[in-house]
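As C-alpha cells, one chain now follows by itself in the form predicted alone.
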Amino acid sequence: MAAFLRDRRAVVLLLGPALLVYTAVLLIPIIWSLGYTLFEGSILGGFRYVGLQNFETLAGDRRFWDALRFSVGYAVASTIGQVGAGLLLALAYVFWLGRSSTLVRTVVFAPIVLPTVAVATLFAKLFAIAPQYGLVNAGLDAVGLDGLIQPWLGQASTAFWVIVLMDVWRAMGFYAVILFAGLVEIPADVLDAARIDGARRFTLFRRVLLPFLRPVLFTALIFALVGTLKVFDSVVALTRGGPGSATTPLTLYMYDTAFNFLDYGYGSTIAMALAVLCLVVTLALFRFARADVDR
C-alpha cells in the first residue's frame, strides 16, 4: 500500500476526480463571485466596472451593519442554545435515561429532518396573535397574564428570540447525538475512579467529562457557529426579515440585493464579507482550541 501511494500517477488517479469536482463546485464560483465585486449591475441590465467602489459602499452601508449585528447576535445566541441544550440532553441520555434513551433520542432528533417551512409554520401558529391567539398567547390569556400577550413576530425584540428558540428546538437533537457519541467513548473505569475519589456532579463534569469531551465540543461549536452565521431559510420562512428589516441577516440582505434589486456586484461584496467573517470565526476557534490543548 505504501509503495502504491508513493506512485504519483496512482495519487493523481485517486485524487484527481475529487479535486476536479471540488474545483468546479466550490473554487470556481468563489473566484467568479470575487470578480463580480468589481462591477455593478446584472446579467439582464449589463455590468459596469466600478473597481473597489462596492467595498467603499459596504463600509458606509447602515443596512449592512444592521444585518451584520443581527447575524452575529443570532449566531451567538443560537450556538449557545443549540450546543448547550444538546450537551444537557447528552448528559441526560447517558446518566439518567441510560438504555431507555433510544426513543427519546429519536424523538428529539426528529425536528432536524423536518422541512424548514413546516417548522416555521408551526412556530408562526404557536406565537400568532391574529386572526386568533396562538398557543402561547392563548396560554397567557388562560392563566390571567393578559399583559404579556403581544405580537411576538411583529416586533423586533421578540421576533429575534422566537427565531432563536425555533432553531434551538430544531437543532438541539443533532448536537445532542454528536455530544452523546463523545460521552459514551469516555472509559467507564475513569468515571468509576473519579466517583471513588469523591467527585460528584459538577466536579465530575468539570474535571473528568469536560476534558474528554472538549474536542467533540469544539467541533460542535464550529458547526453551530458557522452554520448560524449563514442562516437563511429559517428567517425567510418565519419573518422574511421583518418587521421592517429588524431580523434580516447578511444572507437575506445579499439575496435581496443580488436577485431582487439585480445588483450582482454589491450582492457578491456582501457575500465576500460573510465568507471572511466565517473564515475569521473558524480560525479563531481553531486557534483557541489549539492553545487550550497546548496548556
Partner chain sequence: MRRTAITLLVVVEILPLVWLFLSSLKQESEFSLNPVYALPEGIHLQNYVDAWTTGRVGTYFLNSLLVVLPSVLLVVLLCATAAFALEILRWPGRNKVLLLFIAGILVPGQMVLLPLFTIYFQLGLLNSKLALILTYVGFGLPLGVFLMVGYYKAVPREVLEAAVVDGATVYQAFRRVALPMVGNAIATVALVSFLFIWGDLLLALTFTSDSGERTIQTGLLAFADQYGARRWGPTFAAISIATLPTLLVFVILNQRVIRGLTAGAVKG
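Keep in mind that this is a model prediction, so the values were computed, not measured. Numbering follows the first chain given and starts at 1.
Below, we refer to the form predicted in complex with its partner chain, which is not included among the displayed structures.
For the chain shown alone, residue 163 is not a contact residue for its partner chain in the predicted bound form, no non-hydrogen atom being within 4.5 angstroms. Remark: residue 53 does not count among the residues lining its partner chain in the predicted bound form, judged by a heavy atom distance of 4.5 Å or less. Proximity of residue 131 to its partner chain in the predicted bound form falls within the 4.5 Å heavy atom cutoff.
In the predicted bound form, residue 230 approaches its partner chain with a heavy atom inside 4.5 Å. Among the residues 159, 225, 172, 209, the one placing a heavy atom within 4.5 Å of its partner chain in the predicted bound form is 172. Proximity to its partner chain in the predicted bound form, taken as a non-hydrogen atom within 4.5 angstroms, holds for one residue of 193, 148, 138, 184, which is 138.
In sequence order, 232, 233, 236, 237, 251, 254, 255, 258, 259, 264, 267, 268 are the residues of 231 to 269 having a heavy atom within 4.5 Å of its partner chain in the predicted bound form; the partner itself is omitted from this view.
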